[in-house]
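Below sits a lone chain in structure tokens, taken as the form predicted on its own.
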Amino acid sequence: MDLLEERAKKKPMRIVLPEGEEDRIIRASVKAAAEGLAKPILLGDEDAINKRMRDSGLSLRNIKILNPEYSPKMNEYIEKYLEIRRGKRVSEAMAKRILRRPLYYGAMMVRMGDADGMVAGAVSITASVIRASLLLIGLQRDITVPSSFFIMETKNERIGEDGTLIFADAAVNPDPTPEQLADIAIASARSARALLGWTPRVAMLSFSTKGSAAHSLVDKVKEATKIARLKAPDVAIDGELQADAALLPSVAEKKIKGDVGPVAGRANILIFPDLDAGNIAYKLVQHVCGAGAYGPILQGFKKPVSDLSRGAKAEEIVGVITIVNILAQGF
């Protein structure tokens, strides 16, 4: 995180936080602004936010507060919303009602270039954050499904990138199809390049390594690997691999006949076959092994958006703001 913070400070971006009246969001925004990690924009009632600031002894310096109810941009946003929803029988009154909701207003700010990224989810559920983002920000042209990743900072410097790994998808897609799993792999490789400057080495995980087991679940991962390689021939992607074969060179050499390639034993991105595996894995690594877990960070969208755990602490929200700021620098 120290390295990420240094990168964020080089170019603070406008990050909108729709849940601007929430205490944790306020504290995180104050710290992010004070340290030059981002230029936060809080959505909500200005009087309510100011009162919380005063009660906590916090400063509003370098933080913008915006109430969608009184926004001078509302008419412009309504026009754009009606354009997006053309043919869906949406009236101007309905559009205004929707855009009064901070999540939708924040997503529209990002679409219209009035904000560079969005961080939400301290109060809203993940599905609501994704719904607003899908409608108003949209997905990258060649990506068919939104997904998420966690940055896992472990204490074992022999794995991944000096102990750091990306886990995906651990928060969004319960049972991705082979096509969706391929897109998750590609989106994760792009995230690793943009955020961490890595050369991606993507392992498609399974309970089988190169045909050691036969099952329809293994076939799904094999098919996803083929699709991902065709769509992104410039990315090192390999599968199916068991986790130990993906991370440990000695195991990869034992389990794989011939050339193990650039990924096996050296993977820095782990793609899990379903949400059960991904979510369980990141929480075990975090709580049993004491790894730092940063995320979930949403990916696949045209511009950066991140979800938050509803139990996230203010310090963790600062970390997510920092990550979204860096991603926004590349758009």
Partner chain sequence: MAEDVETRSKRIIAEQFGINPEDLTYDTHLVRDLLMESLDRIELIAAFEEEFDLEIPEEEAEQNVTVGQVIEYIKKKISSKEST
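Small disclaimer: the values here were computed from a predicted structure and weren't measured. Positions refer to the first chain, counted from 1.
The form predicted together with its partner chain is left out here; the points below concern that form.
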Which of 144-152, 111-119, 80-88, 174-182 lines the interface with its partner chain in the model of the complex (heavy atom within 4.5 Å): 80-88
Contact of Arg100 with its partner chain in the model of the complex (heavy atom, 4.5 Å): yes
Ser128 within 4.5 Å of its partner chain in the model of the complex, heavy atoms: yes
Any non-hydrogen atom of Leu217 within 4.5 angstroms of its partner chain in the model of the complex: no
Leu139 within 4.5 Å of its partner chain in the model of the complex, heavy atoms: no
Residue among Met74, Leu134, Ala194, Ala213 with a heavy atom within 4.5 Å of its partner chain in the model of the complex: Leu134
